[in-house]
Every structure is written in C-alpha cells, then in structure tokens.
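What follows is a single chain, given as structure tokens, in the form predicted on its own.
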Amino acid sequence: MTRRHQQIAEALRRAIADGRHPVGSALPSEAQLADAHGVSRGTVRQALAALLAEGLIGSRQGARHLVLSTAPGQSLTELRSFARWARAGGHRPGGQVLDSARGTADGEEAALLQLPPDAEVLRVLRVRTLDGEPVLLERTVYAGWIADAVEELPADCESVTQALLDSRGPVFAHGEHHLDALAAGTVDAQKLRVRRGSPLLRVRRTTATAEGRPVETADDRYRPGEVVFSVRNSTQANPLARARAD
C-alpha cells in the first residue's frame, strides 16, 4: 500500500511537472501543505525529503522550498528501478529481453557475485525504452539462486525490480555504481539505433540484498542525448542523479 507521504510527494511531482509550481517558484509552506492534505508536518517533511533527493526542489534555512527542476533525477545512492524513475518523470517505460542464457561465471563475475569459480549464472541482454524509443541496453548477470525467478518473468516485463519485489519480497537493497564512457560496438549500435563507434555512457553496477548477498552485476549502456547524470552539490540532496536529457 502506498504510504501517505508517498502520495503527497507524487501529487507535488505532478504539480511541478504540469507548471502549477514553475521552476524558480516557492512551494507552499509545510503548514499549508499539511492543512491541504490533512496530515502532520512530519508527513509533509517526508514527502519533501523525497523531492529534495530527486533534485526537484531545494531549500534554505528559514525559507520555503524552491522548485529547481520539472524532471526528477534518480540518485544513484537510492535504488529505484528504471521504470519507476521513468514514470516519475512522466514517461512511458518499456523493456524487451533480447537474449537469455544460463552459463558459468567467469572470474570477474564470480568475484562480483561472491560465487565459487564456474558457478552457474543467468546472462540477460535487455533493451529499455522511454516512450517507445530505445535508450538503454542492459547486460545483466544474475546469481544462480535468483535465476529461476528471473526466467519466469515475461520478456517484456516493465520492471524486473518490481516483479521480483512482488514475487519474492525485497531483493535489492544495496548497490555500487561505476560510470565511464565507451564507443558503441556492433550490438550496441544495432539495438540503440546509433552509429557504431558513437559514444555511450556506461554504468556498471552490482546490487545485493539487505544481508549483503549479491543478486546481479550489470553493464548498462545509455544512448547519447537521452539520459543525463548530473551532479548537484548540496548538504541536503544526494549529489549524483539521473535525468532525461532535454
């Protein structure tokens, strides 16, 4: 069930996205928002904290929160699925598995997933779309213990994260991300509809359960001009965020 502060945060996101609270304007005060939604100021603060983390709003001591952006970013220190991030920005997410096969882990995969040498893993190649256009190619290696659950999902599953949450309970709790750039190879170029050699932003990530058990390790490649990772220096917001390119 969606909690009250999440509902308020979503209502504020929609109000910002449709221009009711334009960039540069101040949001209503905490007291005004609490009255409008019939909740405590503590609940409002939880909702505002989510928008702060997304980079939608900023704050100054003793002043109202200011609207900074109409498109929420995703902090890489917050594990939120691509689909959830896309929907929060008003976009239609999609996905399609292009290839899926079991195999044995190589040395690097075994180390990242904390598996014995030659342990079984599931490798999945998946294209992700925003509003029907390909923007991301995922190469994910799942640990063998979660492979059955992943294989049971439909090829066009919108969100593996949410589907596993629904079927297995919380799976993803911790993540580590490494960003770099590389040139598009033949498969990248074909699936992302770019020229071979085009620059791609790559995010290599490994995620684990709350107990620290690795679930997956992935190589995510973003088409240029579609998604921007921005750095906002703040004492109140996570500094690195993902946003849709303008």
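In this text, rigid core is short for the largest set of C-alphas that superpose within 1.5 Å between two forms. Values in this document were obtained by computation on a predicted structure and should not be read as measured data. Counting begins at 1, following the sequence as shown.
FYI, the form predicted in complex with the DNA isn't displayed, but the following is about it.
Tell me whether P28, Q32 and H65, taken together, all sit within 4.5 Å of the DNA in the predicted bound form, counting heavy atoms only.
Yes.
Heavy atom within 4.5 Å of the DNA in the predicted bound form: which of A50, V39, V203, L192?
Selected residue: V39.
Identify, from the list H177, R45, R196, R213, the residue with a heavy atom within 4.5 Å of the DNA in the predicted bound form.
By the 4.5 Å heavy-atom cutoff, the listed residue in contact is R45.
Any of the heavy atoms of S69 lying within 4.5 Å of the DNA in the predicted bound form?
Looking in the predicted bound form, residue contacts with the DNA do not include S69, since no heavy atom lies within 4.5 Å.
Taking any heavy atom pair closer than or equal to 4.5 Å as contact, tell me whether T207 reaches the DNA in the predicted bound form.
T207: no contact with the DNA in the predicted bound form.
On a rigid core superposition, would D35 pass a 2 Å threshold for CA movement between the shown form and the other one?
Indeed, D35 is displaced by 2 Å or more.
Cα of A26 displaced 2 Å or more between the shown form and the other one, core superposed?
Yes, its C-alpha moves 2 Å or more.
When the two forms are laid on each other by their rigid core, does R204 show a Cα shift of 2 Å or more between the shown form and the other one?
No, the C-alpha position differs by under 2 Å between the shown form and the other one.
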